[in-house]
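Listed next as structure tokens is one chain, alone, in the form predicted on its own.
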């Protein structure tokens, strides 16, 4: 519970099969009070809190967010009300399904290039060989930042998100120092692109020129949005690819379903994201007034934590929630959050996950965990396999 509520890296979540315990949380302790506020773990409560107008995403006293290495609210993640709606209206069209679909061909080509590098070996550490470089490289190409910056961005992201052995306060202070360093480089990139005589076809160029009903992003806004994208774009998709393929590698019956009927892959992505929920809990939120959520009293100033993973395993919503069913109907999961702050990049993430699986399945006829291998999982606010040794038969 301390892992879920305070992001404490105590090892309790670093296991391959934590689902049964999480179902118990949703069933037996759907609401938990602790010294800083209230944690909600059922789907009904998570959705209600996520949509409540008295809940905000940055501390209402200090106006500071938590967990992302930023001293100011990140656009649009930490904004609420009219300001949040303003920026979502401005940015959402850039990540609409039609826009995201334009990246599909390039993503498939990159996936094949990576597979070419290990297909003759018959084995691979799937995390290092595919799950990490595939979305990271694609992110840099879509984003438009120089590839030479990838190691620096990755280091800043890890320093911000994965500081072990620190209290919440220490982690926030340390994360903001690394976030400051990240901002310096992002501001340099924006200045370089402003000064360029020609622009590339990428997100930074779109940020620089995008306009909706006369509204534009300032350079400060662009640096802010880029900060969020670096943290999210280099972490969550990698974790998700690893979790999804890790589960398939250990479950031959469902794996065979996808080989026999590739049209099930989009459904498999939704069901496995529900089941795996790599982003386990939402970032902290705060109550700006007293209110009730489904009979639960919330006090002004309470910090509120929302459990996406437990909500996705809530037996009140999903029949037999521990069973992975690629034909599950009405799969309204919260793996990409719920409420007003639903993930801005969810359409892009879905595309990346679908293509990552499809291209790997097109190149191999089967795969499994290497004999004697035990995948090592790590939970640091996001759950991911550290290593995933696979053996496979190439087509």
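The structure presented is a predicted model; accordingly, all values stated were derived computationally and were not measured. Numbering follows the first chain given and starts at 1.
This protein has a second form, the form predicted together with a small molecule, left out of what is shown; the following refers to that one.
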Decide whether residue 285 counts as a contact residue for the small molecule in the predicted bound form under a heavy atom distance cut-off of 4.5 Å.
yes
Any of the heavy atoms of residue 153 lying within 4.5 Å of the small molecule in the predicted bound form?
no
Would you please decide whether residue 126 lies within 4.5 angstroms of the small molecule in the predicted bound form, comparing each non-hydrogen atom pair?
no
Would you please decide whether residue 236 lies within 4.5 angstroms of the small molecule in the predicted bound form, comparing each non-hydrogen atom pair?
yes
Among 296-304, 190-198, 171-179, 83-91, the stretch whose residues bring a heavy atom within 4.5 Å of the small molecule in the predicted bound form is 83-91
Identify, from the list 345, 37, 60, 67, the residue with a heavy atom within 4.5 Å of the small molecule in the predicted bound form.
345
Within 4.5 Å of the small molecule in the predicted bound form, heavy atoms considered, which of 130, 107, 318, 308?
308
Sense of CA distance change between residue 210 and residue 109 in the predicted bound form, threshold 3 Å
farther
